[in-house]
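Given next, in structure tokens, is a single chain: the form predicted on its own.
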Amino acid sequence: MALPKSHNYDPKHVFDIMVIGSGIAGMAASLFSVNRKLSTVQAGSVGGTLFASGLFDLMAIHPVEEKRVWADPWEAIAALRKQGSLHPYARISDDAIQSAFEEIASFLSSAGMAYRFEKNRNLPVITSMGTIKHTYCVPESMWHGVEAYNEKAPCLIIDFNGLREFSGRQISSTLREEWPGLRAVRISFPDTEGLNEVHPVHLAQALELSAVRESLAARIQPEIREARYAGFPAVLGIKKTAAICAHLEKLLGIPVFEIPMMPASVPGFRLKEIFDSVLPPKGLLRLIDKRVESVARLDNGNFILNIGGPDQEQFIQARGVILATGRFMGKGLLSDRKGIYEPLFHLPLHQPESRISWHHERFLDPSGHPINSAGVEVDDSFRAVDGTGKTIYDNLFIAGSILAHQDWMRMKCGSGLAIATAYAAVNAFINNFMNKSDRITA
């Protein structure tokens, strides 16, 4: 990687960490970095967290081909390790994973988005499709839904005219046999009568007003009848969700809960708002919607990163980099007719030998497809390695779904993978590379 000719950077202005990526892994890495007083800069497109459901999975399915659902995620991880899996969890201790979850949950709770989890149990959560998703950590706004499902208590699902990708009728129909006390009602959201489509974020913003909540509750109240819980699509506000839930519970007289929806989701928007507003005052330099276009390395090992391209060049020098760019959707991985490649550092990848081996013949093959486990291979410090296991750069660390040997979507471990590997990468940078005595604070 050659140094750009117009390297207009200040050689004395050195960040400790550059985080590349703004999904859950990138945001978690930034949080863990600033919490450890590392001078941190982050770049990445704005949409990463918008695709989060708000649920934090740890692990629910293993092995993938058997579709075995685990009640205890730690037992699933232990089984994975015992079988000699190269999954990134095999390189992280249970204590470290738990500490990572507790740190991010504490941060989000202090910012007004409280989370609930039970240490040794996956929680059942109703989805907008009427299926049950098993996850580890849920927003407080969804907790009563876990209780209602476990009790199989009489419950009313509220649906809104014009709200696509959410059907209370489908939820109640799908779950009718195991939950006979579940029923649905569709109403018009206040001031949306006659609209063919309503958008989740607009509903969430409207519910920030108490008058809208009172009008909505008046429409729902006649439908409550025997219901002991009321479930809503996940649109109960953006910045005041806890207060909105409490107000609706007072107005309706029963506990309420949110049901996660398809991305991009309001809970994802909440996460983005918190990360974007709370991390910069903690010391993060956030280069919003900026991509790292190229990378070079100095003789002292520091990285020089070109942010924004030739028309808006901005060069950042950093002692270390955490690469959390995701997979194909986030453009952390790209492909052509020759194979899959990592476009920024040109790292070697674990991948099928040829394109014809990317997928099985059956689209819904129970074992998933080989391309799903392609990605960057790492050592125990989450540094990228080549085909012989040799570390490529001692100060380049990898986190999130770009890592090889995992199928996060089918294993239901996406957020856990992002959070735990970000935690491991930041701590590995400190333990294996950072010389605290000569740190220059940006």
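A residue's number is simply how far along the shown sequence it sits, counting from 1. Every value quoted in this text rests on a predicted model; they were computed, and no experiment measured them.
What follows is about the form predicted in complex with a small molecule, which we do not show.
With the small molecule left out of view, the stretch that reaches within 4.5 Å of it through heavy atoms in the predicted bound form is, among 63-71, 382-390, 25-33, 369-377, 25-33.
For residue 395, no non-hydrogen atom is located within 4.5 Å of the small molecule in the predicted bound form, even though that partner is not displayed. Of the heavy atoms in residue 20, some are within 4.5 Å of the small molecule in the predicted bound form. Taking non-hydrogen atoms only, residue 329 approaches the small molecule to within 4.5 angstroms in the predicted bound form. When the small molecule is considered in the predicted bound form, residue 45 lines it closely, a heavy atom lying within 4.5 Å. For a residue to qualify, one of its non-hydrogen atoms must sit within 4.5 Å of the small molecule in the predicted bound form; none of 119, 141 and 267 qualifies. Of the residues 234, 292, 316, 126, just one reaches the small molecule in the predicted bound form with a heavy atom at 4.5 Å or closer; this is 292.
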